[in-house]
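Okay, so here's just one chain, in structure tokens, the form predicted alone.
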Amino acid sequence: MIIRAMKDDTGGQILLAVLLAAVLLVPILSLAVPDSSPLHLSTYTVTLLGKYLCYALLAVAVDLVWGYLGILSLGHGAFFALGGYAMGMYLMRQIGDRGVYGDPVLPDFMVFLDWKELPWFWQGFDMFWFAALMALLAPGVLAYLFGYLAFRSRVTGVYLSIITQALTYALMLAFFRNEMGFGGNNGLTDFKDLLGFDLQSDATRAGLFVASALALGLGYLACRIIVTSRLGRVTVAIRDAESRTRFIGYRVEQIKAAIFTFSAMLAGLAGALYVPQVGIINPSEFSPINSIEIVIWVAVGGRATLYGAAVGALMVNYGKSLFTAVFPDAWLFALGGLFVLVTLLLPRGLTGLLRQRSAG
């Protein structure tokens, strides 16, 4: 199945080869090569690369629904943040009595707000398997419920995009409230360890990078298997002619809800890997501008390619890091200008341009 899915997918093969090389080389360059060597990768660089890989997985998830299903989702930032909060809750429970207030059960922000007991929805997050499951289920269930209602009502096009953005904004406002029990404006931070490993150690950072690379590779393969299967062909048919696909007997609403849910779960996985690497999760991750930025990554890289979305995420975020250092007051204009230029001059993104040149 995997071999068939990767057939005639040169870009995907290159992406997976690069990820495999990174999995092998980055830990060695970070842990085994001396700091004095020009080949040494600092912990900061490893963490930055790991964060980029999480963004790439998020972009692949968006490309699955936008490029192949025709749904321009402006709410995937919410699914990403929900996965991040699930992992953040686990990491907060691992702090125990090492927090500022020394409470073995309640996180510091709850002690500060004079909470007397742990809320019911925090129960179970002291176990990694439960937190990992919730990082997938929380965005997945929300996506399914939202998709079922929206697709059943046959909301499409720009109206659906606006509703997804409204969902993200509503969640952002809710998570900002202290009484919600998620840290309010400050969110969750001051993490100590993950599965008993110190989050500040070089080895743990390298391990998180490897986990992010493997998640991106497996996520890409899963999406590639979907789009090359019969389900993928039906998905493209829905994108191009939804009414005709429904007329010939396919349950369009169920297919759209299934793909949308799977995409949200991938976004939640990306968020769960992102949080231990950046060390914080707060309501700003729900900001609608974040979801719009994800769409820019996909557009720049190349929609309906999957690997193009990953490349776009890596390139734009590297450019963002570069522009914020060189032009701290103008990087947003550079990002917006890049999106406008790509939309006008390269409607198929950078990968589309490369394929066009290679064909010519």
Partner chain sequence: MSSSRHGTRGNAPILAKLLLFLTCLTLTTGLSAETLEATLAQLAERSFKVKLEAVESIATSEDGRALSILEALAAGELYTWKGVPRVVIGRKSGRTMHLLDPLTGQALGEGRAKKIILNNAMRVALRGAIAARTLSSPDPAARLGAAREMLGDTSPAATKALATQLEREQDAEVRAAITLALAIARLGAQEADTRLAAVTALEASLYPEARNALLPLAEADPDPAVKAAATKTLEDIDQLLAWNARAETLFFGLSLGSVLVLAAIGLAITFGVMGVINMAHGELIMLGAYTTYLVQSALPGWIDYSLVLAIPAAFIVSGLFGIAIERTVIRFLYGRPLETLLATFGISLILQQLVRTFISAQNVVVQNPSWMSGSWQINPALALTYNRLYILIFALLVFAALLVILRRTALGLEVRAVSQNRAMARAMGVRSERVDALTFGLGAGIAGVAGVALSQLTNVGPNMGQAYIIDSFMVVVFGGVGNLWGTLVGGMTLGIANKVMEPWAGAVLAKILVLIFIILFIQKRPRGLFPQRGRAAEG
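Please read all numbers here as calculations on a predicted model, not as lab measurements. Residue numbers count along the first chain shown, from 1.
Below, we turn to the form predicted in complex with the partner chain, even though it does not appear here.
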In contact with the partner chain in the model of the complex (heavy atoms, 4.5 Å), from 161-169, 188-196, 115-123, 202-210, is stretch 161-169
The partner chain in the model of the complex has a heavy atom of only one listed residue within 4.5 Å, and of 89, 74, 134, 273 that residue is 74
In this chain shown alone, the residue from 221, 215, 142, 150 with a heavy atom within 4.5 Å of the partner chain in the model of the complex is 150
Partner proximity in the model of the complex: residue 177 to the partner chain, non-hydrogen atom cutoff 4.5 Å
yes
Does residue 307 make contact with the partner chain in the model of the complex, using a 4.5 Å heavy atom cut-off? no
Q. Does the 4.5 Å heavy atom contact test between residue 181 and the partner chain in the model of the complex come out positive?
A. no
Notebook entry, point to check: How about residue 173: is it within 4.5 Å of the partner chain in the model of the complex, going by heavy atoms?
Noted result: yes
Those residues of 325-349 with a non-hydrogen atom no more than 4.5 Å from the partner chain in the model of the complex are 329, 332, 333, 335, 336, 337, 339, 340, 343, 344, 347
